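Coming up is one lone chain in structure tokens, specifically the form predicted on its own.
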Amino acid sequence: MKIFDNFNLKELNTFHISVNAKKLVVIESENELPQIQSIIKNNKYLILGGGSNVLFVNDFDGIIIKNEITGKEIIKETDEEIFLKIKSGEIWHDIVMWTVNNNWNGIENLSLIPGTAGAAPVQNIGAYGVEIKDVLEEVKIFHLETQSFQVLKNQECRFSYRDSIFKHELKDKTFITEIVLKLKKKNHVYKTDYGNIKEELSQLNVTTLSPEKIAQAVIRIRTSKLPDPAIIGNAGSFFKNPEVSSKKYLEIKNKYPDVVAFPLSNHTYKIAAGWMIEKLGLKGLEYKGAAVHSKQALVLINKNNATGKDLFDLSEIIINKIFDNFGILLEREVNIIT
């Protein structure tokens, strides 16, 4: 365990917002977790992984608990499946590359998503038709108050679109220590009907699908559209794609025949938030040091030494304009820290 006082968090969040925390505590082993309670007692605190889904609006008057517990291993195999135990501080994209390099199928569509393995179930990360809940077996957690470990099975995590129990009942109460994934060793099932995956595979002259080829296509698509957080501060998609009724969808389609939407199984539709933002001419919009990315309207960027408030205020402008024009209230995907 490492402890730092009055720590600047600029390098620990992908927006590169310069704010200070009263204290930074770095956890490198599960064995250190029981010590946390005495440190955070009576203090505001936040558990931080890769810092890829947070926006600090102000200095953090509390304790940041940084997760750096690493390690990965195969814990079980059958003829068709493999079970992987992954410590929560592992970089998510590194885990994806490990699986595709071994021809294990299941998370290749989730390539290049920033953040750690422990953050993946919190957000129920997803991309190109795949979500972490599709392959996650269980999550091991440490309850900060009772100082006890517990294993939650997939259904107990209450996964939904970019949501889980870790954002509700267990928010700020638990520390995820590891996850277990179940992937396919053979009889692979690929999802290529989302985004431009088929088009990208065609450009790559791919005739035989593999986890590696799918990952390669996804990486090419993401790098062409999304800014590298190491170069331009951002947190990927800032807003969730809203779910609307079929009536609301038809209302929008009558007005905008080119609406980008996806039918869901419960007679509702998911409207592409990026399409709505772009439709209103907001792509590239600048506000103080913040901006809407010129290539992907769903991404807000730290263009010129933006403050957290600059980015938050820009998101408010977008939310209000979308509501005024479409009657839809956008929800932020990024966790706002005040």
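Given the structure is predicted, the values throughout are model-derived calculations rather than measurements. Numbers follow the displayed sequence, beginning with 1.
Absent from the display: the form predicted in complex with a small molecule. The rest refers to it.
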{"query": "Output flag, I95, L183 and Q216 jointly within 4.5 Å of the small molecule in the model of the complex, heavy atom basis", "finding": "no"}
{"query": "The single option of K253, K191, R162, H143 touching the small molecule in the model of the complex, heavy atom within 4.5 Å", "finding": "R162"}
{"query": "Close approach of G118 to the small molecule in the model of the complex, 4.5 Å, heavy atom", "finding": "yes"}
{"query": "T14, heavy atom within 4.5 angstroms of the small molecule in the model of the complex", "finding": "yes"}
{"query": "Residue contact check: T99 to the small molecule in the model of the complex, 4.5 Å heavy atom", "finding": "no"}
{"query": "Contact label in the model of the complex: L46 to the small molecule, heavy atom within 4.5 Å", "finding": "yes"}
{"query": "Candidate stretches 245 to 253, 145 to 153, 227 to 235, 200 to 208 - the one whose heavy atoms come within 4.5 Å of the small molecule in the model of the complex", "finding": "227 to 235"}
